[in-house]
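The data below hold one chain only, encoded as structure tokens and taken in the form predicted alone.
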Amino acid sequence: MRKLALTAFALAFAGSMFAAAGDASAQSKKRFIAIGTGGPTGVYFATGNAICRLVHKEAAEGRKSGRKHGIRCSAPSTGGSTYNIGQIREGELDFGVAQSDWQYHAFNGTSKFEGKKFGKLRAVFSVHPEPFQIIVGKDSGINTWADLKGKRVNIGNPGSGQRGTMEVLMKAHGTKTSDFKAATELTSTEQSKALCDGKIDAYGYTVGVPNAGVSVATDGCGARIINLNSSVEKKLVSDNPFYAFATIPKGTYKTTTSDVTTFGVMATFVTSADVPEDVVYEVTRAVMENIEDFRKLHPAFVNLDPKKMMTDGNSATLHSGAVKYYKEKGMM
């Protein structure tokens, strides 16, 4: 679909070149990159579009100062982490946002990527922490993982990071989909409304804090986030380097009347070794040189630290374009 869209754009673009032949050399240097994100209400979507915004901010075309990199960027809504990694492998996406655990599994050929190792996957930087959250209906009577038995639970759409983490947690707890009254596969855009409408009793969501989609349920219809800090979660964190415990502070949402303890991953920004070094360099530079602006584009970005972004959550090899920038700035 992206190929078709780019082909159509290229035809229109070619027409404009005939109309402005004098500017042909500059136009021919333009490059179009696509960043895979997630649901339109999630932080992944905000992340991809924030990166595009900074790439475009840096562009010199039409201005006296800036970078003459010629890069134009789009960040469409997608199915999420594993979908983005798969489309990067296929060459349909140039970059993508993905949970740190799925970056690890794809690069090492483990979990869902067993037998499908993506050795050309490359890390660029990490972004925000992403606690995995179980959001439950106001009158659902759910206070622990065990209480999910016999309830209607949204386990997430196939290809999403939250679906992957939900399946990991289910396996660790010895829970099967048949243990639920219903196991739905709603997207992150659909799940909060479904909870408020009484169509499901709970859903799992891996997302940065705060999140507009979660607030639809918590602030809109009294939903709550439950603790996930049992011995099962402690073993997952102990056994896996890409997991860590996280705290959702009291007051984050209207119903967060005390701190919530859960575990989670990092959101990471990834690409392929096949993406040119200069493109990755320019994208990395655009973000790092405008980090103050980036921090203002979403509450989840407030505490971003470039030095930690270079290392935290990144298990795949760093792309040479990112390494070039980090070395240039004395960060490596």
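What you see is a predicted model, and the numbers here were worked out from it, not measured in a lab. One rule holds for the numbers: they count along the sequence shown, beginning at 1.
Below, we turn to the form predicted together with glutamic acid (GLU), even though it does not appear here.
- Contact with glutamic acid (GLU) in the predicted complex, defined as a heavy atom within 4.5 Å, holds for exactly one of A106, V127, L93, V207, namely V207.
- In plain terms, the part of the chain that comes close to glutamic acid (GLU) in the predicted complex, with a heavy atom within 4.5 Å, is 153-161 out of 252-260, 176-184, 153-161, 139-147.
- Contact check for G42: a non-hydrogen atom falls within 4.5 Å of glutamic acid (GLU) in the predicted complex.
- Remark: S192 does not count among the residues lining glutamic acid (GLU) in the predicted complex, judged by a heavy atom distance of 4.5 Å or less.
- Contact residues in stretch 81-99 (any heavy atom within 4.5 Å of glutamic acid (GLU), taken in the predicted complex) are S81, Q99.
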